[in-house]
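Encoded as structure tokens, the following chain is the form predicted alone, with no partner shown.
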């Protein structure tokens, strides 16, 4: 079984006398910085001049240019997007990496694919929340937390594990569990979800919507049935709590259960296993990493085009209408 750490395995005192530099105040940065501060850690924020910097100032943090924050920090949380981490590291972080410091990643991309190779004298740590920053903050405030993956890629100080577990406790993760998973496995599993599971779900919803409307169903009713009511999200949450089959047995009628089990081989055919292995191969051999880095260097032309196509899909307009008609809690 995987090794999992909880509150009793971590000590916030391991952060005493040290400054945590949070570089990037975006999706993860804001949530982690706020949680760290609320847990008693000394935090400075490093960010360029943009709306995120303004938010950090509003939140009461000392905000510095990234090179200055990196120089100030004993533990440096690198929370800028994966595809720009190499450039930020070379320009702003590497010169500040004195022996005894720790470089902490929320995703293993840059380490797994050799974009960043920290010097031997610093601790190399992974602290990877399994939900976006919104939930890292919201669950912390509710007395709970988001599970994380943790790893020690290099222990230069002899206390690297204590440091990463203290960080995990400070953001609330050890309230629910910090699982020991390597940089490589975290990176590959994360990309697998993004390259197979999420595209499978989102594309199925769009295609189903298109066909239902073509077959004469009211767009708003079709969308309500697919995901507009929130049912899909709620049943998946319940599956996370009690297990997939237990959720089906307790929430689904016999007719629904029969449909799920009987139609599974048709909607996910055997050939899907070959596709999964192909996607894993592209993740493991670095094909996707090279593609993503090339896309970033060109200014994200394909990503911009795909975003625009998604916004222009009729589903988006129907979602807006349904939000006006059905007053679900936000």
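Everything numeric here is computed off the predicted structure, so don't read it as measured data. Positions refer to the first chain, counted from 1.
Another form, the form predicted in complex with ligand NAD, is not on view; read the next lines as being about it.
A heavy atom within 4.5 Å of ligand NAD in the predicted bound form is found for one listed residue only; from 80, 139, 170, 122, this is 80.
A heavy atom within 4.5 Å of ligand NAD in the predicted bound form is found for one listed residue only; from 101, 163, 112, 107, this is 107. Put simply, residue 129 is close to ligand NAD in the predicted bound form: some heavy atom of it is within 4.5 Å. With a 4.5 Å cutoff on heavy atoms, residue 27 counts as touching ligand NAD in the predicted bound form. The shortest heavy atom separation between residue 50 and ligand NAD in the predicted bound form is within 4.5 Å. Proximity of residue 88 to ligand NAD in the predicted bound form falls within the 4.5 Å heavy atom cutoff. For ligand NAD in the predicted bound form, the listed stretch (283-291, 261-269, 40-48, 57-65) containing residues with heavy atoms inside 4.5 Å is 40-48.
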